[in-house]
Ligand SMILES: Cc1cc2nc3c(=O)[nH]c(=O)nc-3n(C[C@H](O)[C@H](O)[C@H](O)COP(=O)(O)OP(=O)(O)OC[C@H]3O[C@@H](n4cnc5c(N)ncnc54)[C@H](O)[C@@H]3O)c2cc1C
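Take a look at this single chain in structure tokens; it is the form predicted on its own.
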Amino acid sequence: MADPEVLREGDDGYDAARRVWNAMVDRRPASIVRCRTAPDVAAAIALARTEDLEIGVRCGGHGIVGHAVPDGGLMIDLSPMGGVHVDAQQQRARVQGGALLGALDAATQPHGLATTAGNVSHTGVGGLTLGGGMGWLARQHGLACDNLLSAEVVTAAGDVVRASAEENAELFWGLRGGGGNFGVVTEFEFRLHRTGTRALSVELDFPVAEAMTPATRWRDLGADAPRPATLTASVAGGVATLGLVWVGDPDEGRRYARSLDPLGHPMARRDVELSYLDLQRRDDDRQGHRQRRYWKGHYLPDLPDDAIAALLASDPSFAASLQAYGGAIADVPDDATAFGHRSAAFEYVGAARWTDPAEDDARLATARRSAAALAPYASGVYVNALSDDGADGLRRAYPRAALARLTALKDAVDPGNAFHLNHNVAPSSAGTVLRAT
């Protein structure tokens, strides 16, 4: 078996391999190991130990902090591992650790199948799933991690193990929401669902100054919305957009979309029937790799009028959005997976994007200020929405009991904290972040 390709500064492909989604991240690893197999990953971990290098793991490169790119460290680049194998009869998909969501959708949709897979097709399957994995199918079929059946994992010791409900069950629990703390996942096995191939998007635009009453009526729809419907809202540039995404029979979606009529008279309305694949790709350009980015997130157990007012008061240069939870997400007990925010009604994400580095400080300050206005109404945060939140963010991402259990798992599988370039659950023996040993 050939050794994995190793790139160092000056090599062809080095700069492309270190470039990630957030253009603010401009770090230079000492080595980039482009892995094609689980043994390649084990060899990369061994190389990091030999050369005393920090380890970053890249899949889609969407992590806002850029943990995948360790300055002077070793990047394990999984992007060559992008294969997807579908068993349509058994409704299963085996997905390599470097695959993007678009590859998963492209392989499953010809069979009328899908599983929960984010909202942007160039996101990595790995990072999305390990953090929990919200998407347009989550209210019908659960989060991405709820549809994970097994995972092949390379541990800090270089062992290749499989985790499932029957094998290494505690590791399996931690992989479903615990992030990249416990090893490098080189293969995921997912449950697929017969979703069909069509979707409907409905969006109503209101001037922010006139949006309070429409927004409260939109919120009230969430209590009994059917599971194919995911309510969505955004505020940017002085416009509040309220609506929903429906995955399934568009005619049924249009019938349900009549419930939006009482919101009032929008200045614009868009009812768009589209394929599920196009739904998954529609934000790809806006979410491309050319821009500087920063975001903040919250989980909201409900959405009182004061929270809506705070949302509508967001700075016009800043994009704030809400996406409804509930449905199948809430069916799963809080302690069944490391992801534990099952009672959230909405997820808030406030995102800034720009191109001029001279604007960095002002943009970050605007994002922090706008998100802070929603903090009094929050019950936690999605770990994949954390940015520079530090230990406080980790405590918001995981309930106390879950964090204690994650720490015990870390003690068992990575006591040296080799995998600490993430939203790190440190082992109890590590008072500080340790380098790979």
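The first residue of the sequence shown is number 1, and the count goes up from there. Remember, predicted model here, so these are calculated numbers, not experimental data.
Quick note: we don't show the form predicted together with the named molecule, though the next part is all about it.
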Of 371, 44, 381, 68, which one comes within 4.5 Å of the named molecule in the predicted complex, counting heavy atoms only?
68
If you check 38, 64, 402, 33 against the named molecule in the predicted complex, which one has a heavy atom within 4.5 Å?
64
If contact means a heavy atom within 4.5 Å, which one of 266-274, 302-310, 166-174, 179-187 is the stretch that engages the named molecule in the predicted complex?
179-187
For the three residues 232, 352 and 393, verify that every one has a non-hydrogen atom within 4.5 Å of the named molecule in the predicted complex; reply yes or no.
no
Looking at the partner-bound form in the predicted complex, is residue 322 within 4.5 Å of the named molecule by any heavy atom?
no
Heavy atoms within 4.5 Å of the named molecule in the predicted complex: does residue 297 have any?
no
Contact flag, residue 417 vs the named molecule in the predicted complex, heavy atom cut 4.5 Å:
no
Examine residue 424 and determine whether its closest non-hydrogen atom to the named molecule in the predicted complex is within 4.5 angstroms.
no
Considering only 117-148, what residues come within 4.5 Å of the named molecule in the predicted complex, judged by heavy atoms?
118, 119, 120, 123, 124, 126, 127, 128, 130, 133, 134
